[in-house]
Every structure is written in C-alpha cells, then in structure tokens.
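Quick heads-up: it's one chain on its own, the form predicted alone, in structure tokens.
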C-alpha cells in the first residue's frame, strides 16, 4: 500500500532523513521506532505532504504521491494524526469530528462514520457537546484520532499517540489501534513507547540518526539484544 524509495528529507541545509526505504502492506500495523531526533516524525510529515523531500519517491497504492499537498492525500485515503493534535479548541467534540469528514458529500456516510468513531471512543459520545479546549489530554488524543478516522481512510498515520498520556489513556489509545487492525485498516505508528507498540504492531522499523537501522517482525525485534538494551532498558 505504501512504499518509500530512497527518501532524503531536510530542513534547509540540515538533512534529517537519509535514503529511507520501506514497504507497508494493506491491513498491517507497522511501527517506526527510535529515539528523539531519529527522523521518525520527519518521515511521517513527508509522507503526509507537510514536507517536500529533497529526493526519493513515495508511492501510495501504486501512485506516485511525492510532493502532493495534504488535502489531496486525504482524498486518496491517507490520514495523518500529528503529535500536536491540532484540534479546533473553540469548537465542540462533535464539530471537530464533523470537520474530519469535510471531503464526504453523502450525509448518510458521514453519519455512519460518526457512529463508528463514537463506538470506538465512547468517551467522545459522552462529551459530544463539550468544547475541545476544555478536555483532558487523553480525551484530546481520542478526539484527534477520531477526527482522523472520519474520512474513512485506507491508511492512518499516528505520530506519538501516547505522548503525555496517563497509563490508563495509553491503553485506550492502543486498544483503538488493535480495533483498527481487526478491521483491516492499515496503520503506521511512530512511538517511543516501544514495549507497548511492539505488542500491537505486526512489524517495525527502527530508525537511528535518520536511517533505517533495523527491521523485522515485532516478535523478532522484541527479542533482539540491541532493541532490548537501547529501547526496552533490558541489559
């Protein structure tokens, strides 16, 4: 479904991502792991059209999407939920969710998607009339993910979804990822919470200093000595 070919990305003269190549198949949950500054978020932002690569290609369902603006990528079925969440804080939960369905013209489809999201996150149904700016961190993350699902995307990209959340809310977020996997939604997740992420992902790539350093099944990487020492704190 998604293929990166020798992707190079930077900010001005500073190159951050070096010759990154990876493949993600339909229905998989794939993690991109690494420490701060490894290039994980930069890679996601480039796929999502927020950044333009210096060189390399991005293919989505066989179509070259390199450099396409984010609004076009949403119409192709790609949804990006950034770490910042970027909610409309002066709007209600329901209004935020409906903004996520702006590309849909069929009101019945919007209603179905809204029901789906509210079933996935019952807390949002309870808070539907509450202003997004008054919600807790966990509720905001649920809303950001829910809004990203309102367009019924083929692929969802999550950037650090557990950042700043309580352990209880981290479990809620990862339970949602499990449900998406059960429904064959393709998910790419960037995370520093390596242990929990490997428990829900099918495969993972490990980025170090802007390059892909390792790849493999979650089970393989969880047993790897380097991963256990560097990312799981197990000597």
Partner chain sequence: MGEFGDILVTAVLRGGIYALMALGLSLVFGVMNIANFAHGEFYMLGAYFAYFSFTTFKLGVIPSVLIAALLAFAVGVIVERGLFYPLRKRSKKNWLMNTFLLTLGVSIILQNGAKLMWGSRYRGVTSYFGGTISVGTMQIPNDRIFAFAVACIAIAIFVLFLNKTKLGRAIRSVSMDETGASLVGVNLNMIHTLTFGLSCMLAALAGACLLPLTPAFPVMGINPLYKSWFVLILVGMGNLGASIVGGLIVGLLETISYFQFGAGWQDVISLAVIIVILLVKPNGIFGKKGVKSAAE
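Numbering follows the first chain given and starts at 1. Just so we're clear, the structure is a prediction, and the values are computed from it rather than from any experiment.
Keep in mind that the form predicted in complex with the partner chain is missing from the display, and what follows is about it.
Taking non-hydrogen atoms only, residue 135 never approaches the partner chain to within 4.5 angstroms in the predicted bound form. Contact between residue 90 and the partner chain in the predicted bound form is found at the 4.5 Å heavy atom cutoff. The partner chain is not shown here, but in the predicted bound form it comes within 4.5 Å of a heavy atom of residue 100. Mapping the unseen interface onto this chain, residue 95 counts among the residues with a heavy atom inside 4.5 Å of the partner chain in the predicted bound form.
Only one segment in the set 159-167, 135-143, 116-124, 101-109 has residues whose heavy atoms sit within 4.5 Å of the partner chain in the predicted bound form; it is 101-109.
The candidate site formed by 37, 40 and 192 is entirely out of contact with the partner chain in the predicted bound form, as no residue has a non-hydrogen atom within 4.5 angstroms of it. This chain is displayed alone, yet in the predicted bound form one of 63, 70, 209, 52 has a heavy atom within 4.5 Å of the partner chain; that residue is 70.
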